[in-house]
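Listed next as structure tokens is one chain, alone, in the form predicted alone.
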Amino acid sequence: MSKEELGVYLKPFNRTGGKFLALIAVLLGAMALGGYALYIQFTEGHYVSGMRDVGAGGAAWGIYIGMLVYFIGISYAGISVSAAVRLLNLEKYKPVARMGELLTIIALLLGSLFILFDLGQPIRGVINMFQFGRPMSPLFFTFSVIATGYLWSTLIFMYISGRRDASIMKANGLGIKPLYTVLSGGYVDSHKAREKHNKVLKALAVAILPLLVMAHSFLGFVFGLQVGRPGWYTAIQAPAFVTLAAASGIGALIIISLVIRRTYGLQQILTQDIFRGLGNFMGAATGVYIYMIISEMYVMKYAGPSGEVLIADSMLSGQLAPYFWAEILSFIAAFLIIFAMFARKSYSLLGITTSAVLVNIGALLARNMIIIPSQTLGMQLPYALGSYFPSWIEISVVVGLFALGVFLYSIFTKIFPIIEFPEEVRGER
């Protein structure tokens, strides 16, 4: 590969202008606002939020837990795409593999922060988990074992997959040499080293795929095994969580890939064929999730006990109807756009990206619609009905954490290759 061809992969390093600095300034401002809101919450307590105790007119789990489930969900697609690339030799999708790995890591970090911020006293909560945690609980098992193992497995996977690129950057005298010396971990590029490198990644992919399915399934069990909450006690929770995670995660990866493609001029690497394949998979997962929603609502409305019927009525025609129908229409519109392109065998990046945005809008609404109604409506306990709406404190924290995620992703593209070097690139001196 010529230096000109290699230079295409290094474009993100060479395009740091006023727009990038302006973006960083905006993100830092949003993070500062979120930090200020979090300071108020920690000093004055959760009273400043919209959350209240269940039975005291509100919901104990609000938008923080909704965003936790959303971010854990989108983490699914990132590492699953990368693992599938290694296992099935899907070379076409290799340019988005590292983007997916980074998406998984950042999404899991943000999800973990939402857990901490939902606690009134985060440090005490962490200590109590080790002191009083019950290993048989799906909540404990999900967040202390699977989610932690999931995060560390992805970090190890990304480190090993990046060793070759770090070695090549170091050998060619590019970028931050001390950083690449550490990240290469003694890797010296050669044909034999590349073969071993690929075998190790395949072995890790085999170990990670069942772990991530377990993580998302047990996250569904956290809700599905709470029999006192209408709308949660259903066997469909685990498969629905995994299905929506696949749809929203692929959608998030599509959006990120397109932004990087256009920002850094990587059209010849991130081809439309990649987006077409990702779009088809996202559309299929979205269609399955729509079927699950219809099945669940049908049973809740016509065969459920009074609490289930109350929630169904509120979603279909009551106070929650605007949010529920916005969620449903987002999913349906996304599915129809992808299906129309598939039927015509004619795809456009605008259509695929629009579908990805709609799927993630629907996912954001769906995750919060799973959390909140079952705490405020139809509880199978002698409590009055409640209500919940996030305060400016919670909204500011959410915006700040979104900004943190974009900030970390943006900075990464400037210090490490966001797209893996192809086999033709050699790191031998």
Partner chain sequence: MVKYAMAIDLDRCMGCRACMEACKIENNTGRNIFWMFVFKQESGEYPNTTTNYMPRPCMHCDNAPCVKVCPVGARFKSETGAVLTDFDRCVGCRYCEVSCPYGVNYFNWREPADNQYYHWGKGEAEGKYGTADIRTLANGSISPYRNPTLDEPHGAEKRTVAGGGHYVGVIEKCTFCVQRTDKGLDPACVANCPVSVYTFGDLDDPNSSISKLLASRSSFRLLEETNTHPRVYYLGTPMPLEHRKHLENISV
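Because the structure is a prediction, the values reported are computed rather than measured. Positions refer to the first chain, counted from 1.
Below, we refer to the form predicted together with its partner chain, which is not included among the displayed structures.
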Its partner chain isn't shown here, but in the predicted bound form which of 54, 393, 404, 365 has a heavy atom within 4.5 Å of it?
54
Option touching its partner chain, based on a heavy atom within 4.5 Å in the predicted bound form, out of 276, 94, 229, 261
229
Does its partner chain come within 4.5 Å of any heavy atom of residue 344 in the predicted bound form?
no
Any chance residue 121 has a heavy atom within 4.5 Å of its partner chain in the predicted bound form?
yes
Residue 129 versus its partner chain, in the predicted bound form: is there a non-hydrogen atom within 4.5 Å?
yes
Interface membership of residue 60, its partner chain in the predicted bound form, 4.5 Å heavy atom rule
yes
Tell me which stretch of 245-253, 71-79, 215-223, 320-328 has a heavy atom within 4.5 angstroms of its partner chain in the predicted bound form.
215-223
